[in-house]
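Next comes just one chain, in structure tokens: the form predicted on its own.
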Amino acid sequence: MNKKMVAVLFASGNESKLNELTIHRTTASLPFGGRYRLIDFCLSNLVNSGVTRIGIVTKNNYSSLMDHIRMGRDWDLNRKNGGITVFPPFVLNTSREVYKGKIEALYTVLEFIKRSPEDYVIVSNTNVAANIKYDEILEKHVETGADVTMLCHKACVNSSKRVIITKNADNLVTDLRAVEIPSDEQQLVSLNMYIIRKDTLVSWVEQAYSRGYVDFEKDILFKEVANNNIYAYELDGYAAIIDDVKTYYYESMKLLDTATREELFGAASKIYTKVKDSVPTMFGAKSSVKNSLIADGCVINGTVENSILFRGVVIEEGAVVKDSIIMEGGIVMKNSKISYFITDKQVVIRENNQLSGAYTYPTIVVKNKIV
């Protein structure tokens, strides 16, 4: 048996809770951190760990994802053997029904998994920003002899529908439960990332699909806890689950902290993204920028504080941007003031506006709007 991995990624998930941010895109292609998309973290972690055969299961609004990943060149995945394979969302080739859950989606791509020469499968969502070494986790997975290794981290449950893990002294999972109510208590939270032996995964999916099951976690993993064969691998560094507007804003703002950025981007394993070769950002004579992330290609003549600006953003003279996220191509015109805002791509804030959201729930402006 070889110690190589193939990956199956789910491009969609929680679009309804991300509201306006995913009207025109999947969760996987959601911009994050000034110049990245969420899928960049998954693809970079896989490539850095030697995983070069990757299947991406789509569901809806995936044109932006296709445009971003192209042939995978920016992650060294445009290759004859392996590379990226994108799967349509239909359950079967003869059907026009979108898959209802991960089990149906995995059943659709079973042929891809079976044909892969790798003996282990990474099954993962794409809504997690983290720097992960899958090769090290695989070594631990093989050492323990577990059927599945679940990646997890210690965090407060700041969003509903998180899977909470209870484990024993040997890190074997003794209980799994889905939590609906957020709390301030630190708990062991699943990242919805798993390493599973290929033949085990195929057997589980075939049996579950034949019985009409759809939920991979509740219908398979929750039931497997009793067999004492699930290993919990706890990540030490920064890991962010982005599954609603509140967590998107909260985790984005955490990147303004130098220590958090170093945990995510400062490791030897780099995070790659689509290269655009933009010009450097220009700071005007009257500009003022404090505690902010500024991508390339911006023109700043106003004030920016505690904010994240993506590529090509223009802040005109007299404009003030505080505690906000301005995505690519956004313009804040003269003498406008905004705070606690998330503006999608190509949004224009007209002159002399004063707009404010709230830290607990920032205001979102959808793509291409003029306010």
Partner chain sequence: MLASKQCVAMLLAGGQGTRLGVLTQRVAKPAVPFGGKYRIIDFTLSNTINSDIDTIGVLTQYQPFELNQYIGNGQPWDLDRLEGGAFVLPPYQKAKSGEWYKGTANAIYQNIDFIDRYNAEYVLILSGDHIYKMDYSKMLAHHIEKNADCTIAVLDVPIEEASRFGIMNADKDGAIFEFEEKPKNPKSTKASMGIYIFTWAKLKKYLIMDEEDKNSHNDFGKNIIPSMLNDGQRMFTYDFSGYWKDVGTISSLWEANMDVLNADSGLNLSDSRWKIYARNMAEPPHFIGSNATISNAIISEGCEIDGEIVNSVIFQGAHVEKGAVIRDSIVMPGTIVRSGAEIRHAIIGWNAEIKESAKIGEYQESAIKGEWQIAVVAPDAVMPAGSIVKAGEMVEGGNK
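Positions refer to the first chain, counted from 1. Just so you know, these numbers come straight off a predicted model, no measurement behind them.
Unshown form predicted in complex with its partner chain; subsequent notes refer to it.
Item to complete: Name the stretch, out of 50-58, 341-349, 28-36, 322-330, where some heavy atom lies within 4.5 Å of its partner chain in the model of the complex.
Response: Correct option: 28-36.
Worksheet item: Of these, Q186, Q207, N291, N227, which has a heavy atom no more than 4.5 Å from its partner chain in the model of the complex?
Response: Result of the distance check: N291.
Practice prompt. Consider the chain as shown here, without its partner, and state which of K133, K246, K167, R261 has a heavy atom within 4.5 Å of its partner chain in the model of the complex.
Written response: Partner contact (heavy atom, 4.5 Å) among the options: R261.
Worksheet entry | Any non-hydrogen atom of M71 within 4.5 angstroms of its partner chain in the model of the complex | Contact check for M71: no, nothing within 4.5 Å of its partner chain in the model of the complex.
Discussion item. Contact with its partner chain in the model of the complex for L256, defined as at least one heavy atom pair within 4.5 Å: yes or no?
Written reply: Yes, L256 is a contact residue.
Fill in: Touches its partner chain in the model of the complex: G145 (any heavy atom, 4.5 Å)
Outside the cut-off, so no.
Item to complete: Using a 4.5 Å heavy atom cut-off, state whether L110 contacts its partner chain in the model of the complex.
Response: No, L110 sits far enough from its partner chain in the model of the complex that none of its heavy atoms falls within 4.5 Å.
Worksheet item: Counting only heavy atoms, which residues in 274-294 are within 4.5 Å of its partner chain in the model of the complex?
Response: In sequence order, V275, K276, D277, S278, V279, P280, T281, M282, F283, G284, A285, S287, V289, K290, N291, S292, L293, I294 come within 4.5 Å of the partner.
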